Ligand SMILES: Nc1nc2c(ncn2[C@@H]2O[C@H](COP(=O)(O)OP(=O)(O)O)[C@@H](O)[C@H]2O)c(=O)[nH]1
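The chain below stands alone and is given as structure tokens, in the form predicted on its own.
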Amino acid sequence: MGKLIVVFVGPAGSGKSTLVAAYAKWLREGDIPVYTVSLDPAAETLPYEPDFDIRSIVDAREVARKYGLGPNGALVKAMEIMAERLLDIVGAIAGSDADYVLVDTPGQMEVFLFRDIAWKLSEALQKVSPETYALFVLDASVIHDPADYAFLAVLATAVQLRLGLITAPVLNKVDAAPDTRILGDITRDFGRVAKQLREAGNLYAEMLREMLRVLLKYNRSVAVPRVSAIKGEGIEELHRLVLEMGCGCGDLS
């Protein structure tokens, strides 16, 4: 097989970096060459040693000092610099001889996703390998009610549309999840979640229910991996999903 690139995206605190570390460890234990990429210019520490670290090009703290910016402004400026240095980033990835490339995106998802760097990176990576996919990492422990679930489902779809990559959800931190009945798959969860939203009887819940109904028409049924990156559990299921993402079979269950 050629190079397979997996881009990890998710809200702050969802455990993206820990999941990259766990997956890379699992691959290496199976003697599978893997190349890890950290694209977080504001990272203070990482749970793995990246093969390519964006901080070698741009560090958000240095940007803040140089331009007199606060943390958010420095991160936005860092995204602009990353877009300008995209060839260096993609060149490092293309030059690796690993079978798998794991790309860890910035902790502040919205700053990355809604800047030019997101779609430019996606387009460039697909030229390196047509087998480029995205995983939307969700923190299962923050899904306290159907409205939380519906909102995250909408976010997952927005990620796919923005990146233009086949995207699948991953439920992380299931060891701390308050509701183990959540499967993470809109198709399989829709009935129960929609019923609970209807019973909520408010406008917000009704709006989310209708949005889920629309998403149901366009989302494939997916056997969502339920993982605990910190414990290294569920990584085999995650790997199976990654292998199936390019199968074009429509149902990834």
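Residue positions are given as counts along the sequence shown, with the first one as 1. These figures come from a predicted structure and were not determined experimentally.
If you look for the form predicted in complex with this ligand, you will not find it shown, but the lines that follow are about it.
- The partner is absent here, but in the predicted complex a heavy atom of A176, alone among V154, V142, A176, I166, sits within 4.5 Å of this ligand.
- Contact with this ligand in the predicted complex, defined as any heavy atom within 4.5 Å, is confined among 92 to 100, 143 to 151, 77 to 85, 168 to 176 to 168 to 176.
- Contact between L243 and this ligand in the predicted complex is not found at the 4.5 Å heavy atom cutoff.
- Proximity of P11 to this ligand in the predicted complex falls within the 4.5 Å heavy atom cutoff.
- This ligand in the predicted complex is approached by A229, whose closest heavy atom lies within 4.5 angstroms of it.
- Along 83 to 113, a single residue, G107, places a heavy atom within 4.5 Å of this ligand in the predicted complex.
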